[in-house]
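In the block that follows, a single chain appears as structure tokens, in the form predicted on its own.
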Amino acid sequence: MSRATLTRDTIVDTTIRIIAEQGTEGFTMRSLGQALGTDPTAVYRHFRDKAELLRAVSERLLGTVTVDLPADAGWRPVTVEVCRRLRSALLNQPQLATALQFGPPLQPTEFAITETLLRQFRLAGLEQGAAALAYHSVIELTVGSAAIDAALHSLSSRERSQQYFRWRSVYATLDPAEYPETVGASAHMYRGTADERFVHALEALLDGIVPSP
């Protein structure tokens, strides 16, 4: 690829493709240069370093999170929808999780997510400091939930159900004298889907942040 056709968009597109095909461990600036047909140093004419490149990748992949949100739905449904979309993006795009390990992208689409969530908490009646803490709470729950569920996300629904059954079975066979609560609750654990459990946790968190009048 000639220097004339090497653009930021081309570099980002190729980075996303490499990580999708080879995983995060297969992505290096050298492998990127090979895929682009150029010396890796040419990439640094467009991006300062790998971290900046991966922030641009996350910017691309976060672009749909705040698009076409339900109008006039109220602060809570919008907050839940944004968090659900962000979690889905994290689960479906391993590139995004890789990019976010360097911190917030500090780019327009991430700014849009931050602004949208902060606005919802302000609409809910929180002052700015409380709104900021609420923002951190829902973001950390969302990103953490995606990290926990990522390993099983690629499995089929049947395979996930089988894995949950195995986990319940292990809890059920523990010594009830030592783990009475775990054994007692074992039949109820890991029921439903990971998405359903996430929404339940998010709703419970929102109940604590903005208690019902």
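All of these numbers come straight from a predicted model, not from anything done at the bench. Here the rigid core means the biggest group of C-alpha atoms that line up within 1.5 Å when the two forms are laid on top of each other. Numbers for residues come from their place in the sequence shown, where the first is 1.
Just so it is clear, the following notes concern the form predicted in complex with the DNA, a form of the same protein that is not shown.
Peer 1: Determine whether any heavy atom of Ala56 comes within 4.5 Å of a heavy atom of the DNA in the model of the complex, and answer yes or no.
Peer 2: Close contact is absent here: in the model of the complex, Ala56 is far from the DNA, nothing within 4.5 Å, heavy atoms only.
Peer 1: Hey, in the model of the complex, is Leu6 touching the DNA, heavy atoms inside 4.5 Å?
Peer 2: Leu6 belongs to the contact set for the DNA.
Peer 1: Consider Glu159 of the chain shown here, and say whether it contacts the DNA in the model of the complex, taking contact as heavy atoms within 4.5 Å.
Peer 2: Looking in the model of the complex, residue contacts with the DNA do not include Glu159, since no heavy atom lies within 4.5 Å.
Peer 1: Spell out, yes or no, whether the shortest heavy atom distance between Ser169 and the DNA in the model of the complex is within 4.5 Å.
Peer 2: The answer is no: Ser169 has no heavy atom within 4.5 Å of the DNA.
Peer 1: Counting any non-hydrogen atom inside 4.5 Å, which residue from Ala35, Val65, Ala42, Val183 sits next to the DNA in the model of the complex?
Peer 2: Contact check passes for Ala42.
Peer 1: Heavy atoms within 4.5 Å of the DNA in the model of the complex: which of the stretches 146-154, 170-178, 26-34, 183-191 has them?
Peer 2: Residues of 26-34 come within 4.5 Å of the partner.
Peer 1: With both forms fitted on the core, check whether the Cα of Tyr44 differs by 2 Å or more between the shown form and the other one.
Peer 2: After core superposition, the C-alpha of Tyr44 moves 2 Å or more between the shown form and the other one.
Peer 1: Taking the rigid core as the reference frame, tell me whether Thr10 has a CA displacement of 2 angstroms or more between the shown form and the other one.
Peer 2: After core superposition, the displacement of the Thr10 C-alpha between the shown form and the other one reaches the 2 Å mark, so yes.
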